[in-house]
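Coming up is one lone chain in structure tokens, specifically the form predicted alone.
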Amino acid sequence: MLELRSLTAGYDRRDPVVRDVSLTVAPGESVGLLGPSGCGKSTLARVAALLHRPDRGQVVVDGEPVHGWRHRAPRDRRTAFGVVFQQPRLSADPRLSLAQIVAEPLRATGRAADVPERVPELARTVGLGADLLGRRPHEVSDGQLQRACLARALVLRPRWLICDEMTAMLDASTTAALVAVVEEYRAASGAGLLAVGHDRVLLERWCERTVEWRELTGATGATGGSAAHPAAE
């Protein structure tokens, strides 16, 4: 179970963007978090993925409270999460080829021996041809780069997937393809999913349960609107 308990978080302690929010994702469950741009949902997603320390509250994984964040988290805890962000060009090193981007987590965790098998396997899974793997981010489309970022998120076989506006910059066909990859992985692995977005139709079709941001915070007003920018959330 992934539990977010009474979290308050942000980038300025005097004005947090997330205030006293709680949410749970059960193993194998898919939960959509629906909210407008700038509401704080991307910050909550980063906390859930152990990438941002909250100011108050707890993240509890399988009954154990989290005490370490980012690289201070134990390796087995840190690698249990796979994350895909909204803007692939901000989350991928422009100096690396797509193959190197997919392989990054393996090399970082001492599993370089798995690269020759896992990288081609994941490339096929996400729909990247072998001819693209040697290219760098500026030589491919946003959709192709996001496919590589999804492969990177899956390469360590995570138990939890956090997709933060993963498809916001993609066309309909690429969106459908990447959602299908995520669902095939979850069906095979039993991984839980937190999908963050502003597209109600997509989240309600994709996820078993969709939660509106205003339900978590008690805020009023309609959800929806333009795609959220991670820096604003």
Partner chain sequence: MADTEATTGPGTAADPVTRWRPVAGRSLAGARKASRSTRAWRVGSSAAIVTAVVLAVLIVPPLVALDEQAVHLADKLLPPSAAHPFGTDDVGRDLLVRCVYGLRVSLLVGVVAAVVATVIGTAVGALAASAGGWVDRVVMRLVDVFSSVPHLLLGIFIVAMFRPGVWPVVISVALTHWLSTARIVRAEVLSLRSRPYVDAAISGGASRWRVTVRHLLPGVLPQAGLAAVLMVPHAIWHESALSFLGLGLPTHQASLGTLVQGARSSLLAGDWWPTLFPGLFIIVPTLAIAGLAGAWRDRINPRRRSELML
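Residue numbers count along the first chain shown, from 1. For clarity, every value in this text was computed on a predicted model and none was experimentally measured.
There is also a form predicted together with the partner chain; it is not shown, and the following applies to it.
When contacts are defined as a non-hydrogen atom within 4.5 Å, none of 119, 124 and 186 contacts the partner chain in the predicted complex.
Heavy atoms of residue 70 reach within 4.5 Å of the partner chain in the predicted complex, making it an interface residue. Among heavy atoms of residue 59, none comes within 4.5 Å of the partner chain in the predicted complex.
Residue contact with the partner chain in the predicted complex: residue 92 places a heavy atom within 4.5 Å of it. Residue contact with the partner chain in the predicted complex: residue 150 places no heavy atom within 4.5 Å of it. Residues of just one listed stretch (186 to 194, 22 to 30, 43 to 51, 59 to 67) have heavy atoms within 4.5 Å of the partner chain in the predicted complex: 43 to 51. Residue 156 is the sole member of 153 to 180 found to place a heavy atom within 4.5 Å of the partner chain in the predicted complex.
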